[in-house]
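Just one chain is shown here, as structure tokens, and it is the form predicted on its own.
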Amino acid sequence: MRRGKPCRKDTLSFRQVLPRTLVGVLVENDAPLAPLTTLRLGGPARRLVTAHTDDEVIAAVREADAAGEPLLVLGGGSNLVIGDAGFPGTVLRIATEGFVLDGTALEVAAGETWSEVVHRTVLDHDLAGIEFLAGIPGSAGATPVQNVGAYGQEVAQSITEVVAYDRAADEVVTLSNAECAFSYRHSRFKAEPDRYVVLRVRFRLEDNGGLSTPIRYAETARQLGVEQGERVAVAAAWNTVLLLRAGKGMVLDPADHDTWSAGSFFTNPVLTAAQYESFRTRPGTENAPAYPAPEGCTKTSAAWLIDRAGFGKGYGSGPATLSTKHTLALTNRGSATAEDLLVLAREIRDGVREAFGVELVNEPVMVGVAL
């Protein structure tokens, strides 16, 4: 993992002012977790703590750490597969609120709903920088962990700082963009999942007179009737992405089981030069999508691989199937267990490996289970 310079302490980092006990915080025992995830599956938490302030978040983490108890931090539950046995420790649900905009500088609390953050920056303030990330479920605090991205944009392009509680140092720290070590669907927070708890995220947005950032994604450009690299009204870009995502079952709708998913279940494979050459020797790969990636690598499409390996939209006959709208989403049709979902995921992973020699990697975080 690439490390930046030592991150600096935040203004709340003095240990004598950090809370050490939970006072007046909602604590539930044997609490169902499935309703708190977009997949709507998984067993209960031994203990569920819901925190509404940064102080409550820190107190809950410190209490669990002091007791040597397993801790799972939960935001919007949109990138998570929880095992059927549940979680044998404390689940900390971050429900903090805060949206502070100063010109183009934005600070949001980790518990804010991400889709609402994007909505407000675009429709209320005409600002660009995260408009192509519309409709993505989950919390704002989760976005730097996964370096959330879509339609040619990712949060690493606009995040300036992340304020987090450092469990190892027992202090609140501020990490610069470089110190976050962002890469494709990865970050310092993902590399050290048991160290940092994100409290706030800071962005630098763009005031382009109501115009979007340049359109990088071909599908978006086609839908808008413009060329890649052009700009459009930022609200038009936002609305177009919402329509595209909805057409793929990627905008949450309780009545639509195609949205009972964790979004894209597999990341797009990034192949080394040798891996890509081997891949291209496989029959039927002549027209496979290929995009330049860092260090001489090539990124290809997980959705293309899944489809060409024989797993089309709606594949599966059990309570867990591929989405009828998008081959990258594994869905709960209403009564699936975590094991049902993983059986399907393993079948798809193994089928792609056999057909193309490419190993698919799950994007959601696995809790108590493994692919």
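In this text, all values refer to a predicted model and were calculated from it rather than measured experimentally. All residue numbers are counted from 1 along the displayed sequence.
A second form of this protein, the form predicted in complex with a small molecule, is not displayed here; the remarks below concern that form.
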item	value
One residue of L205, I215, L80, V108 in contact with the small molecule, assessed in the predicted complex (non-hydrogen atom, 4.5 angstroms)	L80
Heavy atom within 4.5 Å of the small molecule in the predicted complex - residue from G129, P269, G76, G86	G76
In the predicted complex, G152 touching the small molecule (heavy atom, 4.5 Å)	no
Interface membership of V122, the small molecule in the predicted complex, 4.5 Å heavy atom rule	no
4.5 angstroms heavy atom contact with the small molecule in the predicted complex for T38	yes
Interface membership of R185, the small molecule in the predicted complex, 4.5 Å heavy atom rule	yes
Option from 130-138, 275-283, 230-238, 169-177 whose residues, in the predicted complex, bring a heavy atom within 4.5 Å of the small molecule	130-138
